[in-house]
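Okay, so here's just one chain, in structure tokens, the form predicted on its own.
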């Protein structure tokens, strides 16, 4: 079976700093997949490359079997995306914004109304339907952004820190929504720091550190990879694997520096 998202040896740098270093990743249809990592690990960079907001330096990214470098537009029809920092047009009402979102996705007026009313009710936004977005709390804005991303019923929903700012009741609604979507064969791909939530919600996760995939799999696989024990939580596994990755990087740095120094004299370091 072909992954719905596949990254092969993906590299990306900013101002000479490597954000991704040969990242490999696979996300399958019909699963909730979590991307985990410390701050600066490359999570947001990865998501932005997948949705086409950033161009990788080299590597291969396929979405639904499509090489996004060769066909950079059509594949986006099956994606719904919510960034970590949601920026919505403050001068529109909730209803106006969702109608606009539906129109740019090519939905009929009837379908827009049907889907919009469903999500407004689901996210308890009925009382804010005609309120300007500028008047909404952060959590309400997040709910509106998720509704917008879901209007066209995408096969692949990608969310960067989707639970930040949302109250517990709203988080519960989101989790139930994600579970319902994967039951229908859709895919939910989230990046999050909330390890306890990821442990309960995600079918599989990938832990990345300094732009590389440290380990991928379900909790049982990660417990075995990390040798943390069969009763270890995802948090314990995460801390063990990222600490090991930091130690390995620390050990490799002197070798890299020595190689760079010797190359000045026409010799290659180990």
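Keep in mind the model is a prediction, meaning the values are calculated, not measured. Residue numbers count along the first chain shown, from 1.
Absent from the display: the form predicted together with a small molecule. The rest refers to it.
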For this session: Report the residue, out of 216, 223, 44, 64, that has at least one non-hydrogen atom within 4.5 angstroms of the small molecule in the predicted complex.
Result: 44
For this session: Report whether the minimum heavy atom distance between residue 231 and the small molecule in the predicted complex is within 4.5 Å.
Result: no
Problem set entry | Partner contact for residue 193 in the predicted complex: the small molecule, 4.5 angstroms, heavy atom | yes
For this session: Determine whether any heavy atom of residue 52 comes within 4.5 Å of a heavy atom of the small molecule in the predicted complex, and answer yes or no.
Result: no
Exercise. Quick one: is residue 19 in contact with the small molecule in the predicted complex, heavy atoms, 4.5 Å cut-off?
Worked result: yes
Exercise. Only one of 55 to 63, 239 to 247, 33 to 41, 223 to 231 gets a heavy atom within 4.5 Å of the small molecule in the predicted complex; which is it?
Worked result: 33 to 41
